[in-house]
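Before any questions on binding or motion, here is one chain by itself as structure tokens, the form predicted alone.
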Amino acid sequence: MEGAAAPALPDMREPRTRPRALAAVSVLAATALLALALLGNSALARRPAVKSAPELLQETGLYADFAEHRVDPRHLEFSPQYPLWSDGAAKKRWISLPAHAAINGSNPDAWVFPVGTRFWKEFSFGGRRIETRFMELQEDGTWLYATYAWNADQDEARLVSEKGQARAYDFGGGRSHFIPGVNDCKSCHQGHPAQVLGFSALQLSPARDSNAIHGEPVPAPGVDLNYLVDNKLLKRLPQALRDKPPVIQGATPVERAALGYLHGNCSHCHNDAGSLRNLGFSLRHVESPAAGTPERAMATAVGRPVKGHVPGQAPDATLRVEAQNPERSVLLQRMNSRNPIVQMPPVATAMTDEEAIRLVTQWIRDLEPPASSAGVPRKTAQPE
């Protein structure tokens, strides 16, 4: 048996080494758990903070002295050239940008705002503040929306519930102003990727439309494209827009004003980038169309058939805009209605805009019928 291999003996060390291995594994596991916990805490620490709206307007930072209604002078008051119709309300608007931050204007149709940007819009009727709306861009990239209702003594503006507030101001005749809730705000603001309304290349163009209805004087310090760029508050704006400020391409002053009004009042829903884009119905002015391309409203509204039929719509009205026939143009019919099922805009207005009705009526009457079924109508020159 010499030379033969001795029988293998059991490894007596095994019982002693297994606990060590288990201990090592336990240490590793504990280390891993600790690492995961730390990572988790770190991830939580990095999670963008999402705020809720404060209960009182003064807590949003609008005022330097709330008791005196003195707005913080660091905020910039501005005025869009095509304001939104709000039942005749007198409105003031302010923007606040974080220190050393600027708006990215490289896409003139959808500016990108820095986190912390805030907007306020104040509504007054009969010389009395009724509501103030507030927006703030949060760290997670979403906008915070809130509305505040002023009391009769004008010494408090409190957060309105998510459902909004009815009968905030009595217009008479059973009509009253409704302060929108959060979902109402989102229904308009989230209809286009930009989300901010009334603060854009067109709305702040130095080439303001003198025929724009409800136009307001530009408040000091004169916020427009030039002001924003010169003060390094707007960067990467295409130089072409400095050389040639944005203008609605209308064949006549009436057409320019009418299309501007539709842009300011309807394009936040009716555009080519939002949830209604499948309608193929855009009233939004686009800054960089291909050469020779007409305004989107001309291409998608005039002579184009409506999709569906709403209650109250005239039976012979089949086109969004029928040249020379305002009575058979569905767009005008819906502007002229305050039936909740039919009216346009669908929210935040209880009274029709009579001045806008007259403007759009004249524009439609001046249109020439299309030269062909596929063509966009030419316009009859109507100098003013």
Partner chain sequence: MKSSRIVLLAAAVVLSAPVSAFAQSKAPAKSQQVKRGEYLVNAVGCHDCHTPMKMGANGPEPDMTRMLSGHPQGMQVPPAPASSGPWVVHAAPLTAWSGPWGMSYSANLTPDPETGVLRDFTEQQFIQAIRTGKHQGQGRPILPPMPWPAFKNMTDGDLKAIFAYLRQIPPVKNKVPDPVMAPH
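Numbering follows the first chain given and starts at 1. Everything quoted here is computed from the prediction, not taken from an experiment.
Quick note: we don't show the form predicted together with the partner chain, though the next part is all about it.
Exercise. Exactly one stretch in 308-316, 136-144, 293-301, 251-259 has heavy atoms within 4.5 Å of the partner chain in the model of the complex; which is it?
Worked result: It is the stretch 308-316.
Exercise. Using a 4.5 Å heavy atom cut-off, are Asn265, Asn325 and Gln362 all in contact with the partner chain in the model of the complex?
Worked result: Not a single listed residue reaches the partner chain in the model of the complex, so no.
For this session: Heavy atom within 4.5 Å of the partner chain in the model of the complex: which of Arg118, Arg129, Arg175, Lys92 fits that? Just give me the one.
Result: None of the others qualify; the residue that does is Arg175.
Exercise. Of the options Ser187, Asn211, Asn107, Ser79, which one has a non-hydrogen atom that comes within 4.5 Å of the partner chain in the model of the complex?
Worked result: It is Ser187 that has a heavy atom within 4.5 Å of the partner.
Exercise. Is there a heavy atom of Ile103 no more than 4.5 Å from a heavy atom of the partner chain in the model of the complex?
Worked result: Close contact is absent here: in the model of the complex, Ile103 is far from the partner chain, nothing within 4.5 Å, heavy atoms only.
For this session: Considering only heavy atoms, tell me if Ile341 and the partner chain come within 4.5 Å of each other in the model of the complex.
Result: Flag for Ile341 set to yes.
Exercise. Should Val347 be counted as a contact of the partner chain in the model of the complex, where contact means heavy atoms within 4.5 Å?
Worked result: It does: once the partner chain is placed as it appears in the model of the complex, Val347 has a heavy atom within 4.5 Å of it.
Exercise. Given that the partner is absent here, does Asn183 sit within 4.5 Å of the partner chain in the model of the complex, heavy atoms only?
Worked result: It does: once the partner chain is placed as it appears in the model of the complex, Asn183 has a heavy atom within 4.5 Å of it.
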